[in-house]
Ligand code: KG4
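Shown next as structure tokens: one chain only, the form predicted alone.
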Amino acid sequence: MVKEKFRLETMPKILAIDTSCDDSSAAIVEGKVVLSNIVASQNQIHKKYGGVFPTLAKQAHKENIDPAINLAMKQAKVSWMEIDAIAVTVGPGLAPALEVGIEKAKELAFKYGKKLIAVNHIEAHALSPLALANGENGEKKSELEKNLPALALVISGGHSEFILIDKIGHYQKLGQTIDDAAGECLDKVGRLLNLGYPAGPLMEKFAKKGHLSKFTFPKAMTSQANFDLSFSGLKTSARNLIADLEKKKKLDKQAIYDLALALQEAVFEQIIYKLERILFSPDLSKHLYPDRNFMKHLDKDQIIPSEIEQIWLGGGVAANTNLRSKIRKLLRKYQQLSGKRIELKVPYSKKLCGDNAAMIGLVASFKFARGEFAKDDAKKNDLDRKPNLGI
């Protein structure tokens, strides 16, 4: 116990590497404080393919990772002597892309005699709201524990998950998408509208110019008594509507704005629908789903306050201001009905919503304090690619 306390108080400096998809990233993190966070985008490389081309991503990572690491260390003003450990994403992600980061981390650890820490990319998105900007003071460990259990919403191009966190390192998945992720749905429909790659950010921009009543899409998964999500049907409906509008020559600029808004609303309303049921669940440990009658006639006297203290929003779609607004609106409604205030925490910078190494370093800091270092041997190879790794 004394050793763990010492590690927490000295706040190790960690070099973190992420090459999980199409962004090459390196960061220096000291505890929860981000000293530098370099992200080299590959958007221009993959734009003409309308998505990430794995072999090209791998080659670009090889070219970008050394400059990213050097710049991260330069901005953080640290030397190799000051680095306590090297952290790297092992999954989930694209296998060829993951390989580059893992091999680079092994190479540097061997060269400089550093410990290695294997990090789950989903866990990093889940904890990303805890990261602190350089010079910012965060809560102490005891204060962090007061805000648990927390519910992490990881909403990105590859993942849409509700994760209950009763302590850092211990996670219970309450629900997830059974097909496409929310960001994937927005991005793919955006590409059908010829918005390029990545289309998600432009969908948000166009949605601000749309008329809400022009188009509507059905809300999926409302009859299933679970906290799962589904977006593939929504994508199919949008594809059919776009084809019909094109056939009738009615897919003008305003129609695209209206479609962007309608699709965004449908995606976010499904997330809010399930989130509301999580908040009103009588027992999350048993995944109990509130029945229809209870949700239809919410009675203050029958509401059991949720065990959730905070909601942590992470992932690429977490940058969307409309989604944040909808969650805050739901939390105000919940407070009025239950009397309990639940705070929404988001990453301090939208840069931490997308793939980045700072959030990898953040997770690694907690693992460092627990003494959870990776083993790279025949018996237990923690540093192998895990493309389908879950949380």
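In this text, all values refer to a predicted model and were calculated from it rather than measured experimentally. The first residue of the shown sequence is 1; numbering continues from there.
We do not show the form predicted together with the named molecule, though everything after this point is about it.
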| property | result |
| --- | --- |
| Partner-contacting position among P149, G210, G158, P96 - heavy atom within 4.5 Å of the named molecule in the predicted complex | G158 |
| In the predicted complex, the one of A199, V90, I163, A220 near the named molecule [non-hydrogen atom within 4.5 angstroms] | A199 |
| The named molecule contact at D187 in the predicted complex, heavy atom, 4.5 Å | yes |
| Touches the named molecule in the predicted complex: G354 (any heavy atom, 4.5 Å) | yes |
| Contact test in the predicted complex: A105 vs the named molecule, heavy atoms, 4.5 Å | no |
| is_contact(V317, the named molecule) in the predicted complex, heavy atom dist at most 4.5 Å | yes |
| Stretch in contact in the predicted complex with the named molecule, which is absent here, among 61 to 69, 26 to 34, 346 to 354, 360 to 368 (heavy atoms within 4.5 Å) | 346 to 354 |
